[in-house]
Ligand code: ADP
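Here we start with a single chain on its own, the form predicted alone, put down as structure tokens.
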């Protein structure tokens, strides 16, 4: 059963996107419960990536509505959506390569009411400098949580792929959005790092950030999610707990039997 609208972190209604004669997203509708980890799964070509591009403002829908905190997001640019409290990651980690690891984390915190972080370090007095010092302290704490503190002065572009993924999660922790969409976070990740990422997702929830995970790694989905949405051919075909979906014939057919292994 879908969560009531009052307990939804995100609500998508009839989202549709065509590319020429191809319908990539076809009347997609779902709700992501507030304060939970929601999985968004489906075979290749199901429309998952296009759907999250539409939700996060990187593509414009042909029709449909995306509601976040009661506000319609469709048509807003990505930076506006991010500042409202909805962030997303990408399949390949993105960082400011020329900045240090510490600077990357501090710069993830956007606040319209303060001066720039750099300005705070270059001699501003009083509250502004205290704010900058507090943010530096918080960023160091987060880097320590993710095992990146020793790399705080390293240029982010020099990190390995796994380290960049951890840095991406650290930036989410610093930004503290109300909802984050993680796009295939397990891509190319080893099991040890995967466990650390699972714990980080639990920490997001504990800190008040709802999470949507788009992922092909079904054991990871089973490990971290409470509610799972299944897409196929651009539309939602089923939703519920992971275990309940294993016996859903439409889901089994979409995955060619993978769900029952």
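Positions refer to the first chain, counted from 1. What you are looking at is a predicted structure, and each value in this text was computed from that prediction instead of being measured.
Below: the form predicted in complex with adenosine-5'-diphosphate (ADP), not depicted.
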| item | value |
| --- | --- |
| adenosine-5'-diphosphate (ADP) contact in the model of the complex: residue 238, any heavy atom under 4.5 Å | no |
| In the model of the complex, residue 10 touching adenosine-5'-diphosphate (ADP) (heavy atom, 4.5 Å) | no |
| 4.5 Å heavy atom contact, residue 56 to adenosine-5'-diphosphate (ADP) in the model of the complex | no |
| 4.5 angstroms heavy atom contact with adenosine-5'-diphosphate (ADP) in the model of the complex for residue 91 | yes |
| Candidate stretches 205-213, 28-36, 42-50, 189-197, one within 4.5 Å of adenosine-5'-diphosphate (ADP) in the model of the complex by heavy atom | 42-50 |
| In the model of the complex, residues of 15-29 near adenosine-5'-diphosphate (ADP) [heavy atom within 4.5 Å] | 19, 22, 24 |
